[in-house]
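One chain comes next, on its own, written as C-alpha cells: the form predicted on its own.
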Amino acid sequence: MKGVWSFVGLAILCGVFCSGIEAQKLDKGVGPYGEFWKPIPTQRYWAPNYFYSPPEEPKGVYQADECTLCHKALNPGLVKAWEESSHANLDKLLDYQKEKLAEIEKNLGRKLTKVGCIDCHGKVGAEKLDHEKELAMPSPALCGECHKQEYQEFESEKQYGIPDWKPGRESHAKAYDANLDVDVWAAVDKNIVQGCDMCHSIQHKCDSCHTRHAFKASESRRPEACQTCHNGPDHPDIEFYRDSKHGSIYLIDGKNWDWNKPLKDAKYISPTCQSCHMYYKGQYSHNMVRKAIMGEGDVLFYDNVFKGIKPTDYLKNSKELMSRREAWIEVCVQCHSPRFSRDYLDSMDKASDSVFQYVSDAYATIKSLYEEGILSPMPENRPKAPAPVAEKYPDLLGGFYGEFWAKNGNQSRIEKDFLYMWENDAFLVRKGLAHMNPNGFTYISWSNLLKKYVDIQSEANALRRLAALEKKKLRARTKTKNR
C-alpha cells in the first residue's frame, strides 16, 4: 500500500508542478533577422537546440525507474510506446538490429541492456538526471552518439544544396535555419508561422520521421511517415504519390510487404517515398537531398524569371544538376527502361518550360502596370511590407511575403494571383509529373495556372481601361476649366 501511495504522491507532485511553467530562454530571436522577432513558448519544442531549457519543477535528481513511475500516471501513452519499443527490449531485436546494436556497443565501449529515459533526455549512459538543470529534448546529435552512421548521413545533407541558394538549402539538416533566413517568417506572428516550424523542426528532432517514443524503423519506412510535412498546396507530395499508379499499388498491396526489413532488402514491387529519395548510387542512407534538383518553385519559376533563364537551359547548363539527374535515372531503371526514364524526365523539363513562359508573361504584365503607374494600388499608396521585408520594386511584386501577410492593398489582387501562380501552380505541374500523377499536372495545377494567367490578363485590361477613362475624364475637366 505504501508503494501505491508513493506512486500517487509522485504523480500528484508532477501534475501540480509540471503545469503552468513560464517560458524560459525566450528573450530574443536567432538567425540573420533575430532582432525583428521573439520566440513563443512552443518554439522551445520545434527548435530545442536554440530555445529549450528544463522546467523549474519538479526539482530533484531522479533515476530512470522514477521517470517511468511519474510519467506512467501523467503520460501513459508515451511510457507504453517506450515499453514496446526496441530501446526497451534489446533482447528481442531482429538480426540486422542485433548487428547494429553490436556496432553501437563497440562505439560506446560498453554493453547495453536497454535505452531508457535518461539516455535520451539527459546523457547517454547516465544513471541519474537533475530534472531542473539537465533535462533535454533529444537532438540529432544526441541520437548520433549511438546512431553514428545515421547521424553522419543526415548531417552530410548540409554539403548539398540547390545552385544559387544558400549552402545546405534545401535539406532536412538545415531546415529550421531555412526559416530563419526568410524575412517574412521573421515579420509574421510566431503563433502563425509555427506551422512552418512544426515541419522545419526536423533539423533539431529525429522524431519528425521516427515517432516518439516507439521510434519504429518499420513506421519510418512507410510513405505515411512523410505525409505530415510533405502535403498541401505548395508541395502535395503525398497526395500526388498516393493517387499515382505507384501509390495505388502501395495502397492495394502494401499491407503484405515486410516493413521490418531494411530498405536494401525490402524489394518493394512499387516505389515509396523512402525507396526513391533515400537511394543513391546503389545504397540507402539518411541523406535524402543528393539528388535534389528543384528547390521548390523559387529557383526555376521565380528567381529565373528575372534572369530570363528557362528551366531546360538552367538544368542543362549545370554539371551538378545533370549529375543529379543521372542519379535519378539510376532509381527509375530499377523498374523502368533507361529510354523510358530519360524520355519521361526530359518531358518533365519541357513541360516546365511551358510553365515558365506563362509565369514570365504574367510577371511582365504586372511589371508593365507598375511602370505605367496604374497598378492598383501602387506601392507608394499602400502600407509597406512588414520589416524586415525589403522594398525591392518591381522585383518584390507578387513576392513570397504575400503568402503570410496582407494589408490595405498590399499585395494587390493581381499580385496575389501571380504569387499563387508561381509558388503553387507552376511548381505543382512539375511535382505532378515527378510523382507520375496525371491529374496532378493537368487539372489540379496546369488548369489552375491558366485560370490565374487569364485573371491576371483580364485584371490588367480592366486597370488599363480604367486608367484611360480617368485620363479622358481629367482632360475633359481641364478643357472645361480652361473655357
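We number the residues from 1 along the sequence you see. It should be emphasised that the depicted structure is a prediction, and the values quoted were computed from it without experimental measurement.
Below: the form predicted in complex with another copy of the chain, not depicted.
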Practice prompt. Verify the contact flag for K407: yes if a non-hydrogen atom of it lies within 4.5 Å of a non-hydrogen atom of another copy of the chain in the predicted bound form, no if not.
Written response: yes
Item to complete: Using a 4.5 Å heavy atom cut-off, state whether N260 contacts another copy of the chain in the predicted bound form.
Response: no
Practice prompt. Please run the contact check for K25 against another copy of the chain in the predicted bound form: heavy atoms, 4.5 angstroms, yes or no?
Written response: no
Fill in: Non-hydrogen atom contact Y151 with another copy of the chain in the predicted bound form at 4.5 angstroms
no
Fill in: another copy of the chain: the contacting residue among D181, E330, E134, D395 in the predicted bound form [heavy atom, 4.5 Å]
E330
Item to complete: Tell me, out of C276, I104, L315, A266, which residue has a non-hydrogen atom within 4.5 angstroms of another copy of the chain in the predicted bound form.
Response: A266
Worksheet item: Looking in the predicted bound form, is another copy of the chain within 4.5 Å of a heavy atom from each of S86, A126 and V389?
Response: no
Item to complete: Look at the stretches 114 to 122, 152 to 160, 198 to 206, 316 to 324 and give the one with heavy atoms within 4.5 Å of another copy of the chain in the predicted bound form.
Response: 198 to 206
Discussion item. Pick out the residues of 421 to 435 whose heavy atoms come within 4.5 Å of another copy of the chain in the predicted bound form.
Written reply: E423, V429, L433
